[in-house]
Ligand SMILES: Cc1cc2nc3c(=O)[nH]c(=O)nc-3n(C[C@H](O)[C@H](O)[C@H](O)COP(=O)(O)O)c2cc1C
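Only one chain is shown below, in structure tokens, and it's the form predicted alone.
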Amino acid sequence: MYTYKEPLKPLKIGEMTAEKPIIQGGMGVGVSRSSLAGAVAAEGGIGIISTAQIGYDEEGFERDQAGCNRIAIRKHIRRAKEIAGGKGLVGVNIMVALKHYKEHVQEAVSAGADVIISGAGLPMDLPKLVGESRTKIAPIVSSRRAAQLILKMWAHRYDRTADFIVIEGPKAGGHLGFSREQLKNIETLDYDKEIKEIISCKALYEEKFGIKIPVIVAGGIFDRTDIDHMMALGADGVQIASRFVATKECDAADAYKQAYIQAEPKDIQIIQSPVGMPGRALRNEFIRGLETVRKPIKKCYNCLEKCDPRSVPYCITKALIDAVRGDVRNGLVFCGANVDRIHEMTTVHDLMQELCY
């Protein structure tokens, strides 16, 4: 049995190895770019850059979002690897829901991303998009059904399987693969059982392809006790996002970080995202305003494949950009369920030390 304070084992993904089995979750827009991802990789973990409107501060973004995002993907992967100094791994999180999903995957592969983690939809074509590259791929799943569907399809269509799997639970931040009803009754879900079932369903594909498929668990993981619990369930590593926001290296504005530090339980709310999924965010003036009136969209940033600017309640790109730049009253601030437990600013080094030792 995995016991508390037993040294964490390195995370092996194919021929790649991260000294520490901790993935820093991808957070967009702009919350986790090269500064944060590079710092996490430098500590021996896996730093993840979110590609969602990653080029929001590039010159010309208002005219050409797609082009600026491609430029920024290359720039931030390269810069993160420079910061990492040859340690850890650097990857990207790419949402299936993006209008330019294919281009983001191809750009990340070309730029040398070690891993691609993909959710907010089922990444059925991801193996085709990465081809024979060295980049490792992982779907984000929240149920055994989704895991089985993806693994079966990848095996049938592409004769390959996932290099690893990320299980995202109901306490995660941002977009969630659960119904609003499930999120209202989290304690009744018995999600530990679901995690075990997802882990068990990969055995068939490990045998078929002769590899080990590591499983990473995400959502509501705050400290070493939580990590040990997930390891005891059979996980090979964990993904943590919210705690990395309150670090000096996080790419968001200081006001964004302070919003996390000052958050109370009453500030956490489930909202409906234009992506078409529920999301967890901090309740602020922006969210309160949406309860009474739709925020008309004056400009479309061409971010989501299935977004109709005429009908969605607000522009998620503008809301996320406003927040990451520091307007946390009038922007959208995604967060995890334990954000109220974050009380001070730290560094990536100190946080990784706390989590691992």
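Numbering starts at 1 and runs along the sequence shown. Keep in mind it's a predicted model, so treat the numbers as computed, not measured.
Keep in mind the form predicted in complex with this ligand is missing from the figure; the text below concerns it.
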So, G220 and this ligand: in the model of the complex, are they within 4.5 Å at any heavy atom pair? yes
**Asked** Within a 4.5 Å heavy atom cut-off, is G26 in contact with this ligand in the model of the complex?
**Response** yes
Check your understanding: Would E168 sit within 4.5 Å of this ligand in the model of the complex, counting heavy atoms only?
Key -> yes
Tell me, yes or no, whether T161 is in contact with this ligand in the model of the complex, where a contact means a heavy atom of each within 4.5 Å.
no
Per contact check vs this ligand in the model of the complex (non-hydrogen atom within 4.5 angstroms), the hit among 186 to 194, 226 to 234, 122 to 130, 252 to 260 is 252 to 260
The one residue among T247, S242, S142, S273 placing a heavy atom within 4.5 Å of this ligand in the model of the complex is S242
In sequence order, the residues of 91 to 110 that place a heavy atom within 4.5 Å of this ligand in the model of the complex are N93, M95
